[in-house]
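Just one chain is shown here, as structure tokens, and it is the form predicted alone.
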């Protein structure tokens, strides 16, 4: 199983949307995939898959109340989703430091586990990074977001996560934006994808759908599906080496 943390230095870069779309794109390729919302205080993944009203979430598991198997919900194309809680009570009772231990309980054969880590340097951010093996860094094409992401990379390095590369999200192709070359040089990592700003992402979300499913030919969907293919091929090359 590949445990990939999607990390960013700050919120608002579209990390959760990318996690949902990337997870679904990988699942559509026939890979057993789970997406997990580790943003325990500001969760988003559940809403993207219409799971806001489920009886139990990851927070209940981290509180020691129920096993992980009780909060694995089925999504489109066989994708599995582990949402976080949205109420104040659910937030207060969760113990983020239990996440690495809890993930050992995954009861299904999983090829890809994508962990949506919150921005900043909160307790749940550290817990999410500790639970992963690899990190995929998400940034906007701007200096503030890229600089903040460097902090996340330093923490990931401290916990021994292997950096896969960088995804530049919500690209407008404007002159004032940082280029892939500049961001790659700043972080000393390969840029694996540039995902353009795309109104179809918001349209899909407002309809309760995921863009790679609802608008597979949109510019952002094409970029995300190409990224999914790269990640799957990385595993294939490793497996056949």
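All values derive from a computational prediction rather than experimental measurement. Residue numbers count along the first chain shown, from 1.
In what follows, reference is made to the form predicted together with a small molecule, a form of this protein that is not presented.
Within 4.5 Å of any heavy atom of the small molecule in the predicted complex lies no heavy atom of residue 70. The small molecule is not drawn, but in the predicted complex it has a heavy atom within 4.5 Å of residue 13. Using a 4.5 Å cutoff between non-hydrogen atoms, residue 196 counts as a contact of the small molecule in the predicted complex. In the predicted complex, residue 152 stays away from the small molecule, with no heavy atom inside 4.5 Å. When the small molecule is considered in the predicted complex, only one residue from 183, 34, 48, 58 comes within 4.5 Å through any heavy atom, namely 48. With the small molecule omitted here, the record of contacts in the predicted complex names 201-209 of 185-193, 25-33, 60-68, 201-209, defined by a heavy atom within 4.5 Å. Contact with the small molecule in the predicted complex, defined as a heavy atom within 4.5 Å, is made by none of 41, 90 and 125.
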